[in-house]
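Just the one chain here, laid out as structure tokens, in the form predicted alone.
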Amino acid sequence: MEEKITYDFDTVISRIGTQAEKYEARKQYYGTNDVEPFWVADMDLPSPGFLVEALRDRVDHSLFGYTEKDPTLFDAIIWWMRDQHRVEVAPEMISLSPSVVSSISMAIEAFTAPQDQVVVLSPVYGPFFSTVKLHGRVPADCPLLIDKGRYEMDWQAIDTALSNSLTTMLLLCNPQNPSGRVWQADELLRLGRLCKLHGVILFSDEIHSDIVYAPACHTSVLTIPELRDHCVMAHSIGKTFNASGLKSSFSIVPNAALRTRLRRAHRRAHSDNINLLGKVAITRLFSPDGAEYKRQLNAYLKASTQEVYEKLDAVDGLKPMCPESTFLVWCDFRDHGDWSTVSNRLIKEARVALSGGTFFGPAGEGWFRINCGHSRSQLLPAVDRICALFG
């Protein structure tokens, strides 16, 4: 029997000098390099060794010319979606893309027109707003409501926005970034039915869907039959395997007519393929070995995010949300002053760089997102400094 690998997430690996954005851009965004970076949503935890071996084997070949879309790549995606997400996918439904944001951009091009409205549910990942605006469309923000410390959809606001004749698409973060909220099947069904009623395309960004903590369970929009004819699902190896730099993503569109429109937009932008090493990575990662790595990673991240949540929750005036998914903790600091004051204290006194809430839209003002995808020997002392500062 093959010996089971136990992955080491505790050893600190320096990323200085590797062009890592979260380190190299500290001076640009925070005014100093003397802060520990817990902002950009990638992990300081190593990708699995079997991925490194697969990439090294391909690099050793030494020729890196144009590549085809090999069937084994699509077989790996189909296996992963079936085994990990209970989704049956045919190969013709899958389109490749450099990133989920690229897929969002191409979907905006394919399914909307200038001055159309695109519904977003904030606070949400910043490019949901910026990409819509860059295409000359208008974000229709339906801020989420807070009920008993977790986000809920504002159904009245959503229905009103979707009923507007200018609304043609809704962008959903599923699971939700920055809060780690896992949307339930009944919520997705209700949202999808509203989109269908008003003739609106539902785009589901499921990039965080592999990092979900029991008893929560991710529900892909693709598992709900009523939604499949008017939805686009996008996913990536980026978060699960800390491989965002490989620029390798994909979308799944069951409806052939929508798929044709989306692919036409991709072809116009020459964004309908991914790089060679990204293809190697997807093929190797979406496998039983990748599923075991993910299982161990999730156990580590669940313990880390829970401990960070509990530390913050014990401080008067800090109001964190307990994440059901992602390696992120979202915390309300508004009782400790305005956004600028708190930000300056975090940088100058706690010496940490967090993602400021305004990146996630107006509903995020006064909140900060903490990236817990680090060795605990890095993460917990930094959180202790935050707690001591505001305690």
Ligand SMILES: Cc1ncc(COP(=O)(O)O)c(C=O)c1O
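Keep in mind that what you see is a predicted model, and the values were worked out from it rather than measured. Residues carry their position along the shown sequence, with the first being 1.
Omitted from view is the form predicted in complex with the ligand, to which the following refers.
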In the predicted complex, the one of S209, N177, S105, S304 near the ligand [non-hydrogen atom within 4.5 angstroms]: N177
Partner-contacting position among A41, V352, C322, A363 - heavy atom within 4.5 Å of the ligand in the predicted complex: A41
Exercise: V101 in contact with the ligand in the predicted complex, heavy atom 4.5 Å: yes
The ligand contact in the predicted complex: K279, any heavy atom under 4.5 Å: no
Contact of Y125 with the ligand in the predicted complex (heavy atom, 4.5 Å): yes
The ligand contact at C231 in the predicted complex, heavy atom, 4.5 Å: no
Candidate stretches 154-162, 114-122, 169-177, 140-148 - the one whose heavy atoms come within 4.5 Å of the ligand in the predicted complex: 169-177
Residues within 4.5 Å of the ligand in the predicted complex, restricted to 355-391 and counted by heavy atom: none
